[in-house]
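Heads up, the chain below is alone and in the form predicted on its own; it's given as structure tokens.
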Amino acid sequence: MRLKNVPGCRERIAESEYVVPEEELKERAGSWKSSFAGPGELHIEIGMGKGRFIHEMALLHPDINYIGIEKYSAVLLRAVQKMEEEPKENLKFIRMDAEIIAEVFGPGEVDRIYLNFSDPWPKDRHAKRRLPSREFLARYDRILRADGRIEFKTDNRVLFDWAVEQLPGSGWKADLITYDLHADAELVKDNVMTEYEEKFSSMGNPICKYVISRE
């Protein structure tokens, strides 16, 4: 999933008007909505990759404010380049590790969270790093509003089954579960694809999705 290192990408990102400076992240906790021109809801994508999904969401829903979070500079640079070509006032980027997300966003500040084709971290000892893990669900519980939702998509059935198994006893319930998103005409109607989703679905891989909220 990780792109090769691109010389100068950290500097390029640091200079970009579309990327929030790392030293300001924790200072903005609780006041992110004031960072945007419009007063709309705040939706975040954790592990946004090259940014196709969140860029299109920002285009389709100009009344909603979006923040894309990506750990790897070389990947984030691709999203920055797309924003330079097609700027969106309701979209900002953050370069950070998702483990500190509860320090960067205030309690109940986020209205929706998207997890798309997250790193499966296949080794058992790395399970806590998986974005749909109970450990991360506890972090999301702190920053998501009371009636907020989390949407998770992946083509990795092993990871998806594991993610569903994380729900009982975690305080979260599934509002929707599908093991073949693109086979459901109603669900796929408003579906916005990521780069990986387009690639894997074109290969015939079923796309799994859940939508969860608090019990």
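Everything quoted here is computed from the prediction, not taken from an experiment. Start at 1 and count along the sequence shown; that's the residue number.
Just so it is clear, the following notes concern the form predicted together with S-adenosylmethionine (SAM), a form of the same protein that is not shown.
- By the criterion of a heavy atom within 4.5 Å, Glu22 is excluded from the residues contacting S-adenosylmethionine (SAM) in the predicted complex.
- Residue contact with S-adenosylmethionine (SAM) in the predicted complex: Leu131 places a heavy atom within 4.5 Å of it.
- Mapping the unseen interface onto this chain, Ser16 falls outside it, with no heavy atom inside 4.5 Å of S-adenosylmethionine (SAM) in the predicted complex.
- Contact annotation for Phe117: at least one heavy atom lies within 4.5 Å of S-adenosylmethionine (SAM) in the predicted complex.
- None of 141 to 149, 105 to 113, 91 to 99, 77 to 85 except one has non-hydrogen atoms within 4.5 angstroms of S-adenosylmethionine (SAM) in the predicted complex; the exception is 91 to 99.
- Of the residues Met48, Ile44, Ala163, Ala58, just one reaches S-adenosylmethionine (SAM) in the predicted complex with a heavy atom at 4.5 Å or closer; this is Met48.
- Residues of 172 to 204 lying near S-adenosylmethionine (SAM) in the predicted complex, listed in sequence order, are Thr194, Glu195, Tyr196, the criterion being any heavy atom within 4.5 Å.
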